Ligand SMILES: Nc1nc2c(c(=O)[nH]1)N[C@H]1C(S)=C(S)[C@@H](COP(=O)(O)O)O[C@H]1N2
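As a starting point, one isolated chain is supplied in C-alpha cells, in the form predicted alone.
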Amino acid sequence: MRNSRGWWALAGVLAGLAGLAVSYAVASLLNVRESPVVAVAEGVTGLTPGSVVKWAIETFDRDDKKVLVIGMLLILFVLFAVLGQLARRRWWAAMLGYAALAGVAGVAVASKPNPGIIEFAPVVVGLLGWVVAMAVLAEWLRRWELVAESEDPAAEPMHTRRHFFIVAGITTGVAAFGGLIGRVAGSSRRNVEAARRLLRIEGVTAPEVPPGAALGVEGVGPWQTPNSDFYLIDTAYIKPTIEPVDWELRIHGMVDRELRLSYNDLVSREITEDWITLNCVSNNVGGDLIGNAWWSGYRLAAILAEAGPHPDADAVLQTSQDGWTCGTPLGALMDDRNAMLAVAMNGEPLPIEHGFPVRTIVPGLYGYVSATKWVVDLEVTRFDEITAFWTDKGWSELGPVKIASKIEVPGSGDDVPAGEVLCAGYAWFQHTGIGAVEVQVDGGPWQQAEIATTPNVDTWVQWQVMLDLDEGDHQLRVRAVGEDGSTQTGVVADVLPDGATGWHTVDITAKA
C-alpha cells in the first residue's frame, strides 16, 4: 500500500460505473427515454454552437452522436477516478463532486419539454448508487491501508485486501447486472418494432419507379433511395419509440378550434402519396445528405384548415416527441404542394429512425424548418413570437431549398479513356423543378445534358451528357437551370446559414 492512490482511483471508477448502470436500469424500467447520460448528451448538443455541430456532422457523419457519448464517458471515467482519490482524504469533496454531476444531469432532464417527477428518478438513484458504492469500497480500502501500515504483527493485510477485492468484484457485478437489466428492460423499441411490422395502413401502395426517371447509368445511385440508405440527421441520441395507440397530435395556438388527432383519427382520412426528395441544409456541394422516396400520408392543408388558422398567423412551431422544434411557414403547409403527415416510406410504415409512427414532410423546404420526426405538436403562431432548435444556432428562419446539382460519374480523381466520356449525375430544385442541366469542361462553353423525366417538380432528376476529352487532365463542372429560368450560382457559400452554393467540380485524367 505504499502507493494506494491507484486503488482509490479504481474504486472511484467502479463506483461511478455502478451508479451509471443502476441509473440506466431505472430509466429503462420506468420507460424514461433519456437516461442521465443521454439527457446530458442531448443538452450538450443543444448548447453547442451551430458551426461546431456542422463540423461534427461533416467529420463523423452518422457517428457524430456515438463520438460525443463515448467522449463524455471517457471524461466521466477520469472524473470518477479523481473523485475516488479525493475520497481518500476529503470525503466531503468527493460527495460534492457526485452531487455536482447529478446536478448537471438533473438540469439536462429539467430542460426537456414538460418533465415529470418520474424523469428525475434515474438521476436520484444514480447519485445514491455512486455514494453507496464509494462508501463501501472506501471502508475496505481504509481498513487495508490501516492494516498495511500497522506495526502489529498480528495484523493480516492479506485478509483486508481480499475483502476489498471481493467488494470490488461485487460492485463490478452490480454494474454489469444493472446494464443487463437496462438492456432487457429497454424493450419498448422491440415492442414498437413488432407493432410496426404488424401494422397495415389502408391505402398505402408499393412504389414503382416512373418510366424514364432512371437513366440506368452505371455508377449513378438509384433514383429511389432505399430506406436503409436514406440519410439520417437528427438530435435524438435515443430514438423515441411510440406505439401508434399512444400517439397523439395536438394542433393549437392561433386557431379557431384546437384539434387532437389520435393515430386512428389520422389514418381514417383520405391518404395522399407522392415522390419527394429531401435534402439536408448541412449538405455540402456534391454531398450525400439527400434521398428520394415514395411517401404516404395525409395532407396538412386539409387538417390545418379544419383548425382554422387566424389571418395574422404566419408560422407553425412543430415539436417532436423528444422536444426538438422547428418553425415552418404556414403558407408552405397550406398551399398546393403535398405537405403531409407521413406514415409510410417506400410502401412500408416509417422506420423508427425516420419518425415512426408519424413525421412531417414538406417539399421545397430544408428539413431543419419542416421535416419533424415523431411529431406530436403543431402550434399555429407567428415567426416574431417563436424560436426553434436550429434557428437558435444561426441557421436562417425560412429555409427554402436551393437549386443544386452533382456529378456522380466520373468521380473526382478517376482515370478515363480519352475520347468520348459519359458524364452523369443528379440535379434538384424541389417545388420548382429542373428545366435544364449544363456541364462545362476546363472553363469552356456550357454543354447541354439530357435530363430524365420526373413525376413532379418535387423530386431530383438524373442527367447525362457525352463529352469529348483529349488526353490529359480535365476539370468538369455542372450547373442546373430551374423551370422558372433561374440558374444555379457558381458563388461558393457555406451551409450556414441557409444552404451551400457553388458548382460541383471534379478533376479527372483522360488517358490514351
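Residues carry their position along the shown sequence, with the first being 1. Given the structure is predicted, the values throughout are model-derived calculations rather than measurements.
Below: the form predicted together with this ligand, not depicted.
Worksheet item: Want to guess which of 211-219, 351-359, 96-104, 298-306 is within 4.5 Å of this ligand in the predicted complex, heavy atoms only?
Response: Partner-contacting stretch among the options: 351-359.
Item to complete: Name the residue from T391, T241, T381, N279 that puts a heavy atom within 4.5 Å of this ligand in the predicted complex.
Response: Residue within 4.5 Å of the partner: N279.
Practice prompt. Taking 4.5 Å between heavy atoms as the contact cutoff, choose which of T432, Q440, T235, N284 touches this ligand in the predicted complex.
Written response: Flagged contact: T235.
Worksheet item: in the predicted complex, does F230 have a heavy atom within 4.5 Å of this ligand?
Response: F230: yes, in contact with this ligand in the predicted complex.
Discussion item. Taking any heavy atom pair closer than or equal to 4.5 Å as contact, tell me whether Y426 reaches this ligand in the predicted complex.
Written reply: No - in the predicted complex, heavy atoms of Y426 and this ligand never come within 4.5 Å of each other.
Item to complete: Report whether the minimum heavy atom distance between S320 and this ligand in the predicted complex is within 4.5 Å.
Response: S320: yes, in contact with this ligand in the predicted complex.
Practice prompt. Tell me, yes or no, whether T372 is in contact with this ligand in the predicted complex, where a contact means a heavy atom of each within 4.5 Å.
Written response: T372 belongs to the contact set for this ligand.
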